[in-house]
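In the form predicted on its own, a lone chain appears below as structure tokens.
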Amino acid sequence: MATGSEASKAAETVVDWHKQDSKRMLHAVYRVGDLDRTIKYYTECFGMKLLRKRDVPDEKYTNAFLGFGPENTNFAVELTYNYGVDKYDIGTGFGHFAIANDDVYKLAENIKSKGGKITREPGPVKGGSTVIAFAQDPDGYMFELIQRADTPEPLCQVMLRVGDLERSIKFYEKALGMKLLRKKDVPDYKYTIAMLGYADEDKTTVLELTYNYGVTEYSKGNAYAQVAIGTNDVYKSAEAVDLATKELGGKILRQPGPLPGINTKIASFVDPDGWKVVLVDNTDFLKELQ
């Protein structure tokens, strides 16, 4: 059994690893009922590009990766179509994705002109000046449209609801080395948000964690799957996750190691609220792209 000093030293080593690592949010994975319909919607309405597509008939599914830039530098969405399944339950826990654009009014008009659905017309947020709108895709996933000057990463947020915001902040800091970028309480609407990531909000994709006053649990449904995060060493990163789960909750689902067939090294876990994250070896991920 490790002594208190040994455990403390191990924790310090993990913190040091986070400082050395080059973690980056790679993509979000979720399921759709009609892949071609969703690709058409995202490319025509949002202006995304189809980056790659792969069919896996032996396992009866097809993936499509879409985004605003190449996967070696930009965040992407990984859409999964399972043969014969045309509908999924999004649940109450998943919130939205977000797209930054320099003219949300024009973007919303384009979405409507292509037959897309705007659920909140463009305009400033209450009590502020940032212009936003909300759009809904054909499967019911929500996208917040945020007016922002030119940004290297237009696909800028993944919003998830959590039952204990302070616990979640600590978990993502300790398990994944994320930084708390900002926190905002909105008592009029009874919620608090926290933005976490690896760079400033206008430079990268961030996690937006939302706590609604008094709500500690949410349904996950079967539509949204996970976020993938790149790391220089899945083994060392998994050690950090293991320490965080022992202190704050969550669970390692897959111990680090290569995937059969493609040899990409991964590890996976769920956070204290049950949201799944997959760690992916950075070098192996770049080989996959080639």
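On a predicted model such as this, the values are computed, not experimentally measured, just so you know. In case it trips you up, residue 1 is the first one in the sequence shown, and so on.
Keep in mind that the form predicted together with a small molecule is missing from the display, and what follows is about it.
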### Message
Counting any heavy atom within 4.5 Å as contact, can you tell me which stretch out of 206-214, 71-79, 97-105, 135-143 lines the small molecule in the predicted bound form?
### Response
206-214
### Message
Can you work out which of 118, 178, 159, 165 has a heavy atom no more than 4.5 Å from the small molecule in the predicted bound form?
### Response
159
### Residue contact check: residue 198 to the small molecule in the predicted bound form, 4.5 Å heavy atom
no
### Query
Applying a 4.5 Å heavy atom distance criterion, does residue 169 contact the small molecule in the predicted bound form?
no
### Task
Flag residue 88 as yes or no: does it have a non-hydrogen atom within 4.5 angstroms of any non-hydrogen atom of the small molecule in the predicted bound form?
no
